[in-house]
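The chain that follows stands alone, in the form predicted on its own, written as structure tokens.
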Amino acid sequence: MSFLNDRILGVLMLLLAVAYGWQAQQIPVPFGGGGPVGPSTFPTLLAVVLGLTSLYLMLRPDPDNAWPLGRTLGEMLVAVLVLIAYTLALEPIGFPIATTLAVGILCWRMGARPLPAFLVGLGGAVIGYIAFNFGLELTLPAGLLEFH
């Protein structure tokens, strides 16, 4: 009966992949753009990877996978709350700060010491901001760090 856990998660992830991929196709192409790599490329790739992993979970579930209980369930709920807060904070405080905080908190909750956890978050935020803004031409909100 525990193999249903992975199949249920796989179905939910597949629904998320389809919705995310559809939303990725709605991102407008910048003026003068239209090359093979645009702002929707990275989100589309993420949707494809998510869809493929969800199919794997549905077709080859782990027979010994039980629902998480106790501390593990609590940590998963904290992760979901952090991701919801990240989504809500992304626009007002900006990608760099929101990403640093979210990645830092998630790394810390997974067992890293606080300073290295937030340094990883800062590094990921800087690399992500540069990659999206200059590599993929997908403007991310700078928020509090925006200079006028």
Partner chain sequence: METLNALMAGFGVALTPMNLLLALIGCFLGTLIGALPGLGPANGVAILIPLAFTLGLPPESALIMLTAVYAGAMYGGRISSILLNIPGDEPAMMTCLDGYPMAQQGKAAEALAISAVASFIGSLIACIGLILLAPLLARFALTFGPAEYFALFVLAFATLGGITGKNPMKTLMAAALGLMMSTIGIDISTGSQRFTFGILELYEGIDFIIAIVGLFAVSELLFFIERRAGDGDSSVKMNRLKLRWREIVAIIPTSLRSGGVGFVAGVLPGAGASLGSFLSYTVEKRILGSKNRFGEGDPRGVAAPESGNNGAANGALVPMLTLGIPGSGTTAVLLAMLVSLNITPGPLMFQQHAEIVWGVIAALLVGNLLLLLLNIPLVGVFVKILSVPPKFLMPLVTLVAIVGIYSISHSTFDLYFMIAFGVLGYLLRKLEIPLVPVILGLLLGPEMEKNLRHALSLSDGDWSVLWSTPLSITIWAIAILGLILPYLLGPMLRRSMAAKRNRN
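Computed from a predicted structure; not experimentally measured. Positions refer to the first chain, counted from 1.
The same protein has a further form, the form predicted together with its partner chain, not shown here; the description that follows concerns it.
Residue 93 falls outside the set of residues with a heavy atom inside 4.5 Å of its partner chain in the predicted complex. The closest heavy atom approach of residue 117 to its partner chain in the predicted complex falls within 4.5 Å. Not displayed here, its partner chain is approached by residue 88 to within 4.5 Å at the level of heavy atoms in the predicted complex.
Proximity of residue 83 to its partner chain in the predicted complex falls within the 4.5 Å heavy atom cutoff. Residues of 75 to 112 that come within 4.5 Å of its partner chain in the predicted complex, judged by any heavy atom, are 75, 76, 79, 80, 83, 84, 86, 87, 88, 90, 91, 95, 99, 103, 106, 107, 109, 110, 111, 112 in sequence order.
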